[in-house]
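Just the one chain here, the form predicted on its own, laid out as structure tokens.
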Amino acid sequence: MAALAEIRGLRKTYGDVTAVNDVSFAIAQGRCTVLLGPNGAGKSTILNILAGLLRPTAGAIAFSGLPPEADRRPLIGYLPQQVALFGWMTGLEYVRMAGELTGLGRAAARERAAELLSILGLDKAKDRRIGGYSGGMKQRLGLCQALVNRPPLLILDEPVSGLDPGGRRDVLDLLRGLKDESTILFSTHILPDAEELSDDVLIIRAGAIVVDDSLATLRARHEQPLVEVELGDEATAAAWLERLSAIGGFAERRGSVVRCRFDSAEAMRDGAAAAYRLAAAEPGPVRRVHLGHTTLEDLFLRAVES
């Protein structure tokens, strides 16, 4: 699959602190790549370097069809984690200005701004001053400016931050539709969103890439069947952890939920039968028994905690 951009040996240091350490990866054309990692892992630093806002200490970034010395910023739409807006401007004025700064003519910038504000549910507020916008509205407005020039590469740092469930769903649906016209690289802490939207997964820990693969391959390689038992409280769950550990598989507790992973569906069925027998013998504390599979969140936690 053709790469839109290739990142080689990227490094960023601040004095004695290394924020990004010899990071290399490719961004595949026409796909959505998610960048995951704990706070302070280097995600925003990488995105800022790719967007041209930070100069790397070392490394190279090559865009397909673009000479190494050429400015890559016209190819990129960028939404930072903290959106800088002008409170005295209206939403329409702001997005139109962003369009003109990317090279659109005044009429084309206004038309594109109105289109995006409508798509993102801000058409009724387009003539209001941004200073009166809610946090979620400001996040949507930031996304409008990132999309204004129809960029080949869309870089989004926490794109659904501050949105309510309805707004989050609208943005996810929009990004899903954009995959046909833009390559997307985004970071998020909401792992179900990453699993729903992304084609490829990068996991970074302490400034270094520890996972780089397609979501489909990661699922095929790491997905495991599991039994999940939800208890009434953490003390009861601690007791159940010992019981489920005895039925095989790998048991772990997360709050009042005990999960047991298995290597095969057959082993999971045997484990589930044992869990149901335990629940029948002591029904009071058990709120739910669920059969399923591990998720991207499980892989993420193993990658960053190992």
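Values in this document were obtained by computation on a predicted structure and should not be read as measured data. Quick note: we count residues from 1 along the sequence shown, nothing fancier.
What comes next is about the form predicted together with a small molecule, which is not displayed.
In the model of the complex, at least one heavy atom of P38 sits within 4.5 Å of a heavy atom of the small molecule. Taking the partner from elsewhere, P56 is found to have every heavy atom lying beyond 4.5 Å of the small molecule in the model of the complex. Looking at G271, you'd find every heavy atom of it more than 4.5 angstroms from the small molecule in the model of the complex. Within 4.5 Å of some heavy atom of the small molecule in the model of the complex lies at least one heavy atom of S44. Comment: 44-52 is the region of 62-70, 245-253, 44-52, 25-33 lying near the small molecule in the model of the complex, near meaning a non-hydrogen atom within 4.5 Å. Site annotation in the model of the complex: the residue of L296, L10, A19, V286 reaching within 4.5 Å of the small molecule with a heavy atom is A19.
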